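Before any questions on binding or motion, here is one chain by itself as structure tokens, the form predicted alone.
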């Protein structure tokens, strides 16, 4: 090859490389920053723990159920990830309907399909309906991230903020929800029981004690998938078990459930954005000044746990994990455990500003998604939050915007 041809070939290769780079830069999307997404593992997992995280990730986000591998026969969703896109909040299309308990004496409709409505069914079966006379409420699926930090807290830490009789006179009387433990629950040294019941910390009413309790129930009640923990299909409109979906029970092994639990435990905590922004800092101060932080407690520190990456970590969920009376406007006439119908667990606020990513670029906030903006969610607060709401309403429009900007940064 002559030098002239070599030069022309080199120029052609150079032009081709430059062109490909430009095309790639325009076509390939830029990877999002860690503070722009909710999924991903906590830092510091061992190689073995990373493998279990990935196994749980596959089971949670990759495994889709159908009639041939155990779906139903009655169900709400076909996979875990379909209710928690990107590990974020659910959409009204994935909202769950819970029914059957109107007081603290227990659910009287368990033999009629309670506590959850399975509004879909595989071929040959009819979807479930709400029994006549049963109270009900709708629950929008929450975001999943940072749950392992909340699970790692001790009951004593949670109880430090409880004030059921409002002894300090501040109008806020948070209390824990004591619930019956499932047969497979193994109490840890940090669990405290009262009357044979344990403190719940997950779910809209804090009705799940730990992530295994939450996950096993989700498999059974959301997808109709049996496991070693819940080996029977959920009751259906009074139809006696057994009924058949042609897939032997249990439909998922305990290892799969444990992998999903580990995945949920080791998802990273949401990372606040724009932390040094002057308006965000001013908004946080306003948030604390009007006592929103009395229930949405900003900061916690985990004790030592069996996962080193979760041990001794300070994190910022903005919750006290306690029940609070939110007033008649949020009283759905339905409850779980020892919670009153107007009581709701303080939801963590971290990740709030990323909610729209999994909600179709819209906000659907509060327990049932009825609020379509952060401002509307604040204005729906009542009961113990009435005073804080009133102070928010009295802020200038500029200060309201700063407080909301702070919440959007979480």
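Only a predicted model underlies this, so the values are computations on that prediction, with no experimental measurement involved. Positions refer to the first chain, counted from 1.
The form predicted together with a small molecule is left out here; the points below concern that form.
For the marked spot (53, 284 and 313), a heavy atom within 4.5 Å of the small molecule in the model of the complex is absent from each of the three residues. The stretch among 176 to 184, 128 to 136, 259 to 267, 102 to 110 whose residues place heavy atoms within 4.5 Å of the small molecule in the model of the complex is 259 to 267. Contact annotation: residue 346 falls within 4.5 Å of the small molecule in the model of the complex, judged by heavy atom distances. Using a 4.5 Å cutoff between non-hydrogen atoms, residue 198 does not count as a contact of the small molecule in the model of the complex. Although the partner is absent here, residue 42 lies well away from the small molecule in the model of the complex, with no heavy atom inside 4.5 Å. The small molecule is not drawn, but in the model of the complex it has a heavy atom within 4.5 Å of residue 94. The contact with the small molecule in the model of the complex, taken as any heavy atom within 4.5 Å, belongs to 214 out of 226, 214, 302, 338.
Of the residues given (271, 295, 158, 85), 295 alone sits with a heavy atom within 4.5 Å of the small molecule in the model of the complex.
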